[in-house]
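Form predicted alone, single chain, as structure tokens, below.
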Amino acid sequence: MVHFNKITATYFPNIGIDDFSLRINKGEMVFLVGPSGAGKSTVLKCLYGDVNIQKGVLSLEGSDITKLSIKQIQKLRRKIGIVFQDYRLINERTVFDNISLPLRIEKKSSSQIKLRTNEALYEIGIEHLAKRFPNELSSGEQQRVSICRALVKKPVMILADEPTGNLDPEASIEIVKIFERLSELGITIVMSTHNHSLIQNTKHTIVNLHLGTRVLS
């Protein structure tokens, strides 16, 4: 599904990835591990078409991202959900409205918005929070809403950039379990983290990064 083939991508001097290669299968769950500045976020930005790739080939579902036009990149992004460390929810809107926002941007019908938003709420198990506002929720609940917002697009892949960085250990474990369940449904998950203890017993793929280079463990 995804193939990084000797990718070099930098956006500040000495920050990014260099000669990076990786294959990810459909429905696979991959953890990108390393300290700040290791290149984890750059890998995610490459997949989302949000960084300039200087060298190499990056294919997603058979398309070379490095050769896509801006319009094609925008179309590609509709297939990808993103989960951030800081949730990025709109405090003045309800949980339901936050989750449905990507569908409204795509100008889906009211019936589609209602159906797909309720499906996402049910899948993540937070349907009881639909009418509440983000500032009424715990950090773990806010991150679940963020995952719902990514899921409502029916993505082929979800990119999660340090999604447990602001959570306590118990909530972090629950977030990883949610991603594992989504992976079992066939959604490819790529998650960055610097929390080694969170994934020390995982059965999933771990990619170690250091200064933009993949380190074989």
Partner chain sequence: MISSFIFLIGESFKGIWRTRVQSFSSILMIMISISLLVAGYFVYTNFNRYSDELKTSYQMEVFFNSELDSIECQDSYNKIYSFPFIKKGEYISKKRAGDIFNKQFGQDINFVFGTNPLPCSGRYDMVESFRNIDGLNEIKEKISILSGVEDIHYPSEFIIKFDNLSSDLMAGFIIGGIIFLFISIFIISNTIKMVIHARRSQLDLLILLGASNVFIKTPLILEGIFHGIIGGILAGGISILMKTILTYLFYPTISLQIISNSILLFSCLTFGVLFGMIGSIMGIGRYLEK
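Computed from a predicted structure; not experimentally measured. Residue numbers count along the first chain shown, from 1.
Although it is not shown, the form predicted in complex with its partner chain is what the next lines describe.
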Decide whether Arg116 counts as a contact residue for its partner chain in the model of the complex under a heavy atom distance cut-off of 4.5 Å. no
Determine whether any heavy atom of Lys153 comes within 4.5 Å of a heavy atom of its partner chain in the model of the complex, and answer yes or no. yes
Contact test in the model of the complex: Glu92 vs its partner chain, heavy atoms, 4.5 Å: yes
Even though the partner isn't displayed, in the model of the complex is Arg132 close enough to its partner chain, meaning a heavy atom within 4.5 Å? no
Arg181, His194 and Leu198: each with a heavy atom within 4.5 Å of its partner chain in the model of the complex? no
Which of 42-50, 162-170, 59-67, 22-30 lies within 4.5 Å of its partner chain in the model of the complex, heavy atoms considered? The stretch 42-50
Listed by sequence position, which residues of 77-96 have a non-hydrogen atom within 4.5 angstroms of its partner chain in the model of the complex? Arg77, Arg78, Ile82, Phe84, Arg88, Ile90, Glu92, Arg93
